[in-house]
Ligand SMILES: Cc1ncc(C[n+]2csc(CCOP(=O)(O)OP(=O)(O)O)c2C)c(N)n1
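Only one chain is included here, represented as structure tokens and corresponding to the form predicted alone.
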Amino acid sequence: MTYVAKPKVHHPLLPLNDLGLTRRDYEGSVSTLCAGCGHDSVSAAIVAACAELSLPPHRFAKVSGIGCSSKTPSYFLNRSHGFNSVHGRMPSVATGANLANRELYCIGISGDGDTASIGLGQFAHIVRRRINMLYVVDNNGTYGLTKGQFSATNDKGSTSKKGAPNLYSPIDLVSMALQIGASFVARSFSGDKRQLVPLIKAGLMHRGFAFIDVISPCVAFNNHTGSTKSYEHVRAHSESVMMADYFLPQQEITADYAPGTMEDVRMPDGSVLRLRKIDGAYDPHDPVAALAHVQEHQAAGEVVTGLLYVDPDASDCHEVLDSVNRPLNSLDEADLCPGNEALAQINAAWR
């Protein structure tokens, strides 16, 4: 594999944010993902969101598991703290990082396999524990690193690249997050930058657990006739299938459509993804109505995108646990060992 380094010299007229940083200061290394992969668009949206918010890169903890999506933290925020964990165990690392230092912005990047299969139990508990973080799932409905097997979010009846049908019903992570109690739930499309960047900004600034399910096309293994690519709807026709061992450079798949409308987005193989964006009259403060809305349009073969639910009075794990305000590594001996009198008061409180 040939490593391609990014130029060290920036254009002198790049706009500066409030910290005096440019967008380039929030980027990472050059992506090694397939040309046209939707995951790269998600990384670019994170770069744009952090730069526009003027957030200090060194105050980020970015964590991931295993999979194509979990490689992407290398492609943004190269000045931040990072940890690539084992398969499905990213929530445990994110929990520890957030509890140890509540001053960090925590962002977890996962995939539909990393979250909806081996990591499903971990995902459920990080939601209910209200860890203060932004949790992003790059959802393409396939295992890209192991040559295209179905993931748990792939729709029943959809076919693999070889034509084999999926025999099992999908796990809808958005519905699951709503039912378990996430205080911020959204879904977007990797090619819809106008929608995705604001959602990421809102998720980063949300107090509590923020979840964004991003439909992110896999151009290698799940982009063919008969595939739903983890979307809640059946594809249209396709005339050609991309080869798995060689990928021609392609234009980024984008979408820009008004709230309350529907748009068909044509994929590189000729198939069509049907998206519907929430309109302005939608109330995002009712989790029961949000769940019903998602399932209603899912039954109609449509993927609902936008901010599905947000709790304006959300709390995070630190409020629940009444944890210390300072990072744990800043506590000294006097903080950790306050003496016998303090211990006696604690013991008395439990008698």
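Just count from 1 along the sequence shown to find any residue number. In this text the structure is predicted, and so the values were computed from the model without any measurement.
Just so it is clear, the following notes concern the form predicted together with the named molecule, a form of the same protein that is not shown.
*Asks:* Heavy atoms within 4.5 Å of the named molecule in the predicted bound form: which stretch in 96-104, 178-186, 109-117, 200-208 meets that?
*Replies:* That would be stretch 109-117.
*Asks:* Is Val303 part of the interface with the named molecule in the predicted bound form - any heavy atom within 4.5 Å?
*Replies:* Taking the distances in the predicted bound form, the answer for Val303 is no, it never comes within 4.5 Å of the named molecule.
*Asks:* In the predicted bound form, does Ile66 come within 4.5 Å of the named molecule, counting heavy atoms only?
*Replies:* Answer yes; at least one heavy atom of Ile66 falls within 4.5 Å of the named molecule in the predicted bound form.
*Asks:* Taking the named molecule as it sits in the predicted bound form, is Gly191 in contact with it (heavy atom to heavy atom, 4.5 Å or less)?
*Replies:* Flag for Gly191 set to no.
*Asks:* Is His39 a contact residue for the named molecule in the predicted bound form, using a 4.5 Å heavy atom cut-off?
*Replies:* Flag for His39 set to yes.
*Asks:* Which listed residue (His87, Arg79, Lys156, His125) meets the criterion of a heavy atom within 4.5 Å of the named molecule in the predicted bound form?
*Replies:* The residue in contact is His87.
*Asks:* Among the candidate residues Pro170, Pro73, Gly144, Pro91, which is the single one with a non-hydrogen atom no more than 4.5 Å from the named molecule in the predicted bound form?
*Replies:* Exactly one listed residue reaches within 4.5 Å, namely Gly144.
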